[in-house]
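In structure tokens, the next block holds one chain alone, the form predicted on its own.
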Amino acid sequence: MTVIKTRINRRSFLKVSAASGGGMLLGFSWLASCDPKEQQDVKEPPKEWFDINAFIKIGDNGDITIFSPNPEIGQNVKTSMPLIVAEELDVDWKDVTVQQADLNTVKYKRQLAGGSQSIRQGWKSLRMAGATARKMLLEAAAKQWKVEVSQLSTDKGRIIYRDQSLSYGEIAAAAAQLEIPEEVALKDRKDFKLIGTRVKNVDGSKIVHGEPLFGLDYQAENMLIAMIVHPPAFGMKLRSFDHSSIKSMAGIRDVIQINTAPEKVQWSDVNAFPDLIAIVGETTWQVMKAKKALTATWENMTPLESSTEHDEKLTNALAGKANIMRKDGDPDKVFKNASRIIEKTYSAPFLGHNPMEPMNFFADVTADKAILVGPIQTPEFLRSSAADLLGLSEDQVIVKMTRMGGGFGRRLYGHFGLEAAKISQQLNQPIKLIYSREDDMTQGTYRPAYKVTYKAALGENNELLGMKVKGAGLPGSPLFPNRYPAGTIDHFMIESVDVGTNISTGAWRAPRSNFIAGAEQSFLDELAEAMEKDPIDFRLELFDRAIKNPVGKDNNYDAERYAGVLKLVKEKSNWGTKTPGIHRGVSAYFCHNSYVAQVLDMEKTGDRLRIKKVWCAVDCGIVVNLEGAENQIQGGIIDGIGHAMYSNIQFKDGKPLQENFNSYRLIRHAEAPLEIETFFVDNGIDPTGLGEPSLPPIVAALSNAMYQATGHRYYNQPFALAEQGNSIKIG
């Protein structure tokens, strides 16, 4: 097994030096990496471009444009997807310009950001696009030189024959006229020049310099600003409103009522409040002032729920009948005859997504066309729903994607795009819809609230006889019946209950896994302690059973790869070596086709805990861009720690009590790990997911380390608020 080691700490991100006047100068390392010599060789811009295929356009001067098909949400696909094309095309990365492709379901497949699937599902087609273009260029050059293609080679965008060479730009016109070859050869891994290296984010410089990339940056001629007003509580709807006092306010153009519910509702049309008031004006500030002055009346449609009722519902669900999702052996019998039963219950609240860029979308709708521009994870589904809502055909709806300032699943649900479209249609005016932070945080589409109970039956010799798991969610089950530890225990049962609610929910980074991994891995830790076993050794014993003699046939994980990351993190962290003042927690989880194991080192001083380091072993197949990959690991770890510690959406009579960041707590810089060290397993397997898999296990690595530091087990998230009188702080 080959291991790629990366070492990341805060000094890796910023170079800090004293500046005059006692300030600081922050120099980003990627700026220092720019080679000034390269900047001197400035080519003339291309006079003509040639489309080779849907992904590649080559200029007559040798410049290459590669289109990135999928939405860029911060997962770095706008860099890594074109990088895969460039690898097979065999070009110099400095000659490549990356351009975001518009939605085009004829040219591209799965233009969607979600489920950590972009690279996994695009791997072969992206390689094929690059390899196909390279072969066409070779064939064109072979015809020109009147030689066999097999006699030619390529390097950094040039075709070579003995002592002669041509740039791709010189032969692109001829290549563009050729038929697409029926088959092409892909590179051997040993010949990769770009894949597996460190490549900077193609938008990095633009982001730092504030160039327009995001939906909020988008501008158009005659564009007005729109904002919406939705009911203040879940279970309410609009009865009436009085806009007489605001229509005369400076800059206000109109106040209208809209309904954004399409007739054919898709999974992406989650929306608790389709009946809205829209205020349209010249500037954001003018519209915000008018919004505050608007008078509206609301009426109750369904019960107004509170958090105390939510907890009661989940508790009652776990005490009642449930749907059996999996049953191995006879768990009831072994529990009846057990010498000891260990039972623990874990819970987590509703969570907001809260991307730093609030929801927004531009729309220009006319009688025969709709142009929609903005940050959306599901452009194809938005187009379909928009066509239905507007009474247009899908080919009359154009969706253009901007870079997203975060999403985490929030922008899978395109109601804000539909709202913009409907407002534009009713006013016959191009508009940009902008949500305030309060609009976004109180609209819904939250991570569901969950509760799960784990039970283990132990025998006379402290051996594990059986396990039962019962979970409930508001709404949906948090359980995966065929994941570990299924397949490792003879007598095992999974049960679930779906509890109804009128709170709108949706996917949140690593759906379901973001909760159940923490509960499962915390319970296994406590179970190992009760059985007087080392927590890693105990997990590996279970994996050993799954490898040699698995229980059941539907286990959907590779036990050897799973055990492999756990062994790797054990080795690299020197697990078992005691360091004075350091308390350690471990966790491992499989989701989105990738395996992650983590060890978290924590230091305790008084009532304050400090996360010194996180060791992380990852098996995600081939790493396309090492820089982007480790960024994803870091982001997931920090995100998971912050939400497990602090974040929480509570309700009183249907009204969310957290409306902005003054009441919805996120992680702060001083609370992040001082260091994250990541080890990628190099096994040659095709790439799998990376945007989500590092988040779920960190929750238990954190809570297990906190237990070692404090002697207190943490069962209810957020941990900082979970126990009465708990004053533990991170940082």
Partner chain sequence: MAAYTINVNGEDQKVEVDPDTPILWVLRDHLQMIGTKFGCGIAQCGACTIHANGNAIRSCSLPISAVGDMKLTTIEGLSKEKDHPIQEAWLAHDVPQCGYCQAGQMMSAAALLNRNPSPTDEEISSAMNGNICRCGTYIRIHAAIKTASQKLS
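Just so it is clear, the model here is predicted, and its values are computed rather than measured. Positions refer to the first chain, counted from 1.
Just so you know, the form predicted in complex with its partner chain exists too; it's not on screen, but the next bit is about it.
Contact with its partner chain in the model of the complex, defined as any heavy atom within 4.5 Å, is confined among 286-294, 189-197, 318-326, 478-486 to 286-294. Using a 4.5 angstroms heavy atom cutoff to its partner chain in the model of the complex, none of N53, K94 and Q396 count as contacting.
Between the options F362, F234, W615, F408, the residue in contact with its partner chain in the model of the complex by a heavy atom within 4.5 angstroms is F408. Residue in contact with its partner chain in the model of the complex (any heavy atom within 4.5 Å), chosen from K548, K336, K264, H209: H209. Its partner chain is not shown here, and in the model of the complex it never comes within 4.5 Å of any heavy atom of T132. At least one heavy atom of E675 is located within 4.5 Å of its partner chain in the model of the complex. Interface membership of W508, defined by any non-hydrogen atom within 4.5 Å of its partner chain in the model of the complex, is confirmed. Contact check for R608: a heavy atom falls within 4.5 Å of its partner chain in the model of the complex. For the partner-free chain shown, Q634, G635, I638, D639, H643 of 633-655 come within 4.5 angstroms of its partner chain in the model of the complex, judged by any non-hydrogen atom.
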